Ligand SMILES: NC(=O)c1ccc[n+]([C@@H]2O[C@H](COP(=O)([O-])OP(=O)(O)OC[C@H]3O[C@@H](n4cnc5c(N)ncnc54)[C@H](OP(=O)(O)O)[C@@H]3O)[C@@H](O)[C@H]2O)c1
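Below you will find one chain, with nothing else, as C-alpha cells; this is the form predicted alone, and questions on how it binds or moves follow later.
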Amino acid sequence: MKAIIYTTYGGPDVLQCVDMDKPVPGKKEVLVKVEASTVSAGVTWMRKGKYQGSVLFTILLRLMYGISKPRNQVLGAEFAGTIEQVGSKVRLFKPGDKVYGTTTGLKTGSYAGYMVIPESRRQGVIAMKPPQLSMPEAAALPVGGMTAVHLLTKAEIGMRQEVLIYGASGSVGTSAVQIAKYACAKVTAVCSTANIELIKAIGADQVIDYTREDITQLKERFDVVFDAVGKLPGSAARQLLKKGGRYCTVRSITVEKTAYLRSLHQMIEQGEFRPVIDRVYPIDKIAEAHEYVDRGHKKGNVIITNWP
C-alpha cells in the first residue's frame, strides 16, 4: 500500500510517498481502507515538530511525538473509510461498514491506504459514518467537532447566552459556531473579511472583521469567549467577559469521547450541523495541501482523498 511518511521535522518537503506492507488486523481490530483524511493545524504542528508561539507546547509536542525526530512516521489525525476485514473477536463492526474517527493513541496515522484500528481503546474514537455525510465530510468531523463540543460543554454554554467565537472560520471555529447556535446562544463571530459570508451562512448572529475592528475595544461583554485558534491573549479575552463569564481556548487539553460524536450525530440528523470543507486535494498533492494550510487562512477543513 502507499503511505505518506516523514522521517524528520520540517516543511511540507519532508513528506515522502512510500510503499508499505498492508497491515493485518488482530482479534479485536478492524482493517479500514482509508478513503479520506485531513490536513489540520495540529497535523502541521506534528510535521514541523513545533507549536508556533509557545515554547512550552513545543516541548510537550516533542515529548509526545519524538524529541529529535518523529517517533511514528505516518502522519494523519482523522480518517473516513470502509472496513475491509475484522478480527475474530470484533463485535461492533463488520466488513463493508462505513466508519470514521481519529488516530489518537495509534502507532500510525491516517496518511496510508489502510489502517488497523482496535474496536475500542482508551484514546481516539471510531464510529459509524453518519449517512448524511460524504466520506470527506466525515473525515473532517471528529477533531474540530469534538474539540468544540468539549470546550463549549466545559464552558456550560446555554440558551440565550452571548458567545464570542474568535477565529470562527477554521475547523474548530466553524464547528463552534454551529454548536453554539444549536444551543440557542447568540453568537458573535470574529474572522477576516474573506470569511464573513461563510460565517453568516452557518448561523452567526453578528460577524466582526478583525482586520477592520479591534475587538479589545468592544463595549459589549459576553457570557463565553471561545478562542478557536489559540491566538487571542488571555488578558484580552477576559476583559471581554461579563462578571462570572467563562473563557475557553484550544490551547487547553481536550479529550475524545464517543458521547461527543453522538451529540454531533444528533445535530447532523436534524440538519443543524455540517463540516465546512475548504479544499480537497488528491494524495499525490499532499505537500501542496500542507503548504496551503501553513499559510493560516483555510476555511474549515482541508481534505485528502484519492488513495490508490
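Note that residue numbering begins at 1 and tracks the sequence as displayed. Predicted model, so just to flag it, every value in this text is computed and none were measured.
Just so you know, the form predicted together with the ligand exists too; it's not on screen, but the next bit is about it.
Heavy atoms of residue 171 reach within 4.5 Å of the ligand in the predicted complex, making it an interface residue. Though the partner is left out of this view, residue 42 does reach within 4.5 Å of the ligand in the predicted complex, counting heavy atoms only.
When contacts are judged by a 4.5 Å heavy atom cut-off, residue 166 counts as touching the ligand in the predicted complex. In the predicted complex, residue 178 stays away from the ligand, with no heavy atom inside 4.5 Å.
Although the ligand is omitted here, in the predicted complex all of 147, 195 and 297 have a heavy atom within 4.5 Å of it. Proximity to the ligand in the predicted complex, defined as a heavy atom within 4.5 Å, holds among 237, 125, 229, 152 only for 229.
Here is the short version: of 250, 283, 34, 268, the single residue with a heavy atom within 4.5 Å of the ligand in the predicted complex is 250. Heavy atoms within 4.5 Å of the ligand in the predicted complex belong, among the stretches 22 to 30, 62 to 70, 250 to 258, 269 to 277, to residues of 250 to 258.
For the partner-free chain shown, nothing in 110 to 130 comes within 4.5 angstroms of the ligand in the predicted complex, judged by any non-hydrogen atom.
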